[in-house]
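Just one chain is shown here, as structure tokens, and it is the form predicted alone.
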């Protein structure tokens, strides 16, 4: 007689497999890992990913709160944020899976997907492996279950209440607060600008060295908010190796290359047909249209400034034609 597995209502955990890792269920999707791979199954299909690639993508999906629009783990599996609910899909945006009729898309409350994905990243990440770090800065994701790295996967943003560097900004200041300069940015000037404020405005006028600030980042492909003016978000980040996800836009993103270079593969958002290849060098600016998907490749650790429109209305305005898909028409 077979006994149905007990499923955790909160996380979808099904119990550990022979490698010591928990199995998970989310709707008709099931997730299991072994020593090398993550295995995804649904009612009429299966898919396998390198577990290191899966964990790096999963980490960003969790940390970003499912981000803007689509987070493609690869050409088959991913999520789409509807800001309250999340689509979990396999093959939905892959023409071969669609043609074969084995694609699947399910919509769940954000909290439900979040609880499962958080439990998964915590259980499947071994001691010594940091899915936020560049490959040369962390250990191996492979092998049977061996401990955990909760400090890495539970990173929380340092939330500022004032501009970076002003009194009361956040625990993480421009001095790094214990964060060392990254090995790739050893040549970055750490001096701060001089500010000569009018009397009475000393606590209201400030400037800081953004390059020095970013040189101390201990994560890759994880934007920080350094300026928020209404719905205009300036989100600089440091990039090394490969963006672990393919991002499908639901709004325009502006990219300004601050240092080194990043190579971008850009495709149509819904069909993945190639659109362009962009190589950005210091001083270059590019806009990713609202109907594209993109993935970046950084040969050396690079600094990138991402300018986001955080308006809660922008997605509906674009889909209804009130706002443009392309920010500039030539």
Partner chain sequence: MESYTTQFGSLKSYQKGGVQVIADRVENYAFSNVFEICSSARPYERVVFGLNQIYVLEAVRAEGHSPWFLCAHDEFVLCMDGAARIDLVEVDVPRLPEDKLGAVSLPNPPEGTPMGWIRIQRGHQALLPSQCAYRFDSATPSVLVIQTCKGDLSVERWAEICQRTGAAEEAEGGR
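Positions refer to the first chain, counted from 1. From a predicted model like this one, the values you see are computed outputs, not experimental measurements.
The same protein has a further form, the form predicted together with its partner chain, not shown here; the description that follows concerns it.
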TODO: Tell me, out of 117, 77, 129, 185, which residue has a non-hydrogen atom within 4.5 angstroms of its partner chain in the predicted bound form.
DONE: 185
TODO: Find the only residue in 98, 231, 157, 146 having a heavy atom within 4.5 Å of its partner chain in the predicted bound form.
DONE: 231
TODO: Report the stretch among 65-73, 271-279, 52-60, 32-40 that approaches its partner chain in the predicted bound form to within 4.5 Å, counting heavy atoms only.
DONE: 271-279
Task: Full three-residue contact with its partner chain in the predicted bound form, heavy atom 4.5 Å, for 10, 142 and 167 - done: no
Task: Touches its partner chain in the predicted bound form: residue 121 (any heavy atom, 4.5 Å) - done: no
Open item on the list: Can you tell me whether residue 189 touches its partner chain? I mean in the predicted bound form, with a 4.5 angstroms heavy atom cut-off.
Closed with: yes
Task: its partner chain contact in the predicted bound form: residue 198, any heavy atom under 4.5 Å - done: yes
- [ ] Could you confirm whether residue 82 comes within 4.5 Å of its partner chain in the predicted bound form, counting heavy atoms only?
- [x] no
